[in-house]
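Shown below, as structure tokens, is a lone chain in the form predicted on its own; questions about how it binds or moves come after it.
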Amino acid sequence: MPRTGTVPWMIDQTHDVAVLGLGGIGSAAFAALARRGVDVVGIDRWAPPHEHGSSHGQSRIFRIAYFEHPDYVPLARASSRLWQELDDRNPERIFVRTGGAWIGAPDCEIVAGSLLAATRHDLEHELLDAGETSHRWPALRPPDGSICFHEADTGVICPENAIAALIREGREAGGQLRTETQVDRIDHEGNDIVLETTSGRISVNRLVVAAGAWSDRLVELPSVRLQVTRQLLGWVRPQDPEPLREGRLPVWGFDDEGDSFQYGFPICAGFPGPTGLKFARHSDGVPCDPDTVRRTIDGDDEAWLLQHLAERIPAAEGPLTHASTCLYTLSEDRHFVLDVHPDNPSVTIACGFSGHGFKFCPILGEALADLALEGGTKHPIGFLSCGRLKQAGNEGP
């Protein structure tokens, strides 16, 4: 619930809805509200798209056979259509279908979980052994005895291009922006919410909080505990990039036989940012403060990033030319939190995306617009309500 206090009488701007945070989720909510003719203002501490939070780094994986939990599949299907429409409407490349190859032991999460989702929702897929996998994609070297789960509908989203397009569409539909604006305080006065910011006081009727790692600093979130962690992204310059380009290499992931997996992307033409092959490792990461996180990369970071890469993708062997950091904001069960605030129906919260939320931006933007305007949505997000975190065990959806 927003903090209460004495609100100065002078208001600089009044709007129906404010969206705090214009990363992937916030920019999608901003655009969805503006398209509906809502008087909406989008507020961000920096000038999006930027590298301070979680919505950057040239590429994000899109997939439908969702190994984290089958309940995400209907949302992924809806997002697939909306990403394609956004890509069709805009000159920048936003969404590229490349296929996806998830490789590991038959019982590892990225294989078994994907198969469960595909089976439950009747998704087209293939299971390939190690020899079939390397024959189809010569750049990949799966270990003996491994299984590859292949989904043709997997692809790549460019977060910078996506956010720029969503913000542009929101502005063209009448939405207003307050960028490079920090929210210092959120207060209540009657039915209004007043945001005290570095560029003036803004009064709104409803508030959408999609502020990533800063969400629980802006609004108290009962029953929701968030942990911010430091993550690493890397790019190498391969000696022969041809086998690694889109059309010849899918999005790929290798299970690490633990609580992480190494993943990467084909080299996609027309994406901004570093050149070369991008790769990373999905894990909980190191807890950090989003305002003081170490952004520099040291030798230990480089070694952790590069571990196993050359043996899994020999053609990727080459110097590490660029590395950067981003943030995960983890919920306790590693699933999203999307809900009307339990103590204030004028506030909608979207947080805890735990490193796998960007692919759902367009459909979650629509759902957040519904929640802000109507208090509910037809989209199947009930399993992501904050109420589940009050239950004993926190076992997730």
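The first residue of the sequence shown is number 1, and the count goes up from there. Please read these numbers as outputs of a predicted model, since none were measured by experiment.
Not pictured, yet referred to below: the form predicted in complex with a small molecule.
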Partner-contacting position among Ala76, Leu218, Val111, Leu305 - heavy atom within 4.5 Å of the small molecule in the predicted complex: Leu218
Answer option from Ser134, Gln182, Ser260, Thr275, heavy atom within 4.5 Å of the small molecule in the predicted complex: Gln182
Touches the small molecule in the predicted complex: Ile61 (any heavy atom, 4.5 Å): yes
Distance check, Val208 to the small molecule in the predicted complex, heavy atom within 4.5 Å: no
Contact label in the predicted complex: Leu327 to the small molecule, heavy atom within 4.5 Å: yes
Non-hydrogen atom contact Pro70 with the small molecule in the predicted complex at 4.5 angstroms: no
Proximity to the small molecule in the predicted complex (heavy atom, within 4.5 Å), stretch among 314 to 322, 141 to 149, 117 to 125, 182 to 190: 182 to 190
The small molecule in the predicted complex reached by all of Gly100, Arg245 and Phe271, non-hydrogen atom within 4.5 Å: no
